[in-house]
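Heads up, the chain below is alone and in the form predicted on its own; it's given as structure tokens.
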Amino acid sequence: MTEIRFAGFGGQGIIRSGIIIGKAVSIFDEKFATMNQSFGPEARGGACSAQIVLSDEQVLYPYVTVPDILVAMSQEAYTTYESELGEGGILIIDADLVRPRSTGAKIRLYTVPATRFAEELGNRIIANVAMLGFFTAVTGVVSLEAMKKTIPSLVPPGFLEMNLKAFDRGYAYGQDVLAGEKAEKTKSPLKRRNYHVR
């Protein structure tokens, strides 16, 4: 079982991200998934989060207790939820919107300029899909094929091409990060240096 929390502020597509992951896993990867959401009183700008539980077996308790993966797309989301992340968990943050504290060795930190990618592609609102691409690459909890099949059904048709470009951009960036990690691990102990994923 994998527990995931996507968090940020209203207007970033946080809830939609949770729905996309849940649908991809349950329909196309043929596993089980649940999704719950919470958000502040403001329609936009308020804190919000999506909780996703993925499993090879039926999910009996649909709420996240100790997240294995936290995706934080705002500073407030990071500040609120980072302490809940389980030991050995994965923390993914938007490089331009979140300033992390020192994480120590208990979690794996990844940063991705998702919002910057979205702006370069023409619309800041697709940052969540760039983040989903990166998330898919570095976590491996959902297949690339499942995500590519799901996105068209959950984004506005007029923005589909832009969303797919954002997803591909994030995914390619994630693959590059993983390749860098692998190269670092294969270095001899004498040549190995401290490596911080960015």
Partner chain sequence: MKADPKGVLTGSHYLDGDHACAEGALAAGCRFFGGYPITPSTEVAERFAQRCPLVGAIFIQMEDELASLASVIGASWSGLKSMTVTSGPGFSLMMEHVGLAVMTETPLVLADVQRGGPSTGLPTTTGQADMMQARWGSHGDYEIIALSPNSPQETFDFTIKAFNLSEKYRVPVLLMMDECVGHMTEKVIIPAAEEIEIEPRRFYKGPQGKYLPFKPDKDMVPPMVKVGDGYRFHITGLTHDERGYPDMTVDCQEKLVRRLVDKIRKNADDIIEFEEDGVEGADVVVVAYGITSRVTLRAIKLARKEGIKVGILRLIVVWPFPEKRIRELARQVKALVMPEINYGQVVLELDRCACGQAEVVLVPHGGGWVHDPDDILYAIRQAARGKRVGEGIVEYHRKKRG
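Positions refer to the first chain, counted from 1. Just so it is clear, the model here is predicted, and its values are computed rather than measured.
What comes next is about the form predicted together with its partner chain, which is not displayed.
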Pick from 126-134, 24-32, 163-171, 139-147: which stretch has non-hydrogen atoms within 4.5 Å of its partner chain in the predicted complex?
24-32
At 4.5 Å between heavy atoms, is residue 152 in contact with its partner chain in the predicted complex?
no
Find out whether any non-hydrogen atom of residue 56 is located within 4.5 angstroms of its partner chain in the predicted complex, and reply yes or no.
no
Would you check, heavy atoms only and a 4.5 Å threshold, whether residue 19 touches its partner chain in the predicted complex?
yes
Near its partner chain in the predicted complex, with a heavy atom at 4.5 Å or closer, the residues from 49-75 are 51, 57, 58, 59, 60, 61, 62, 63
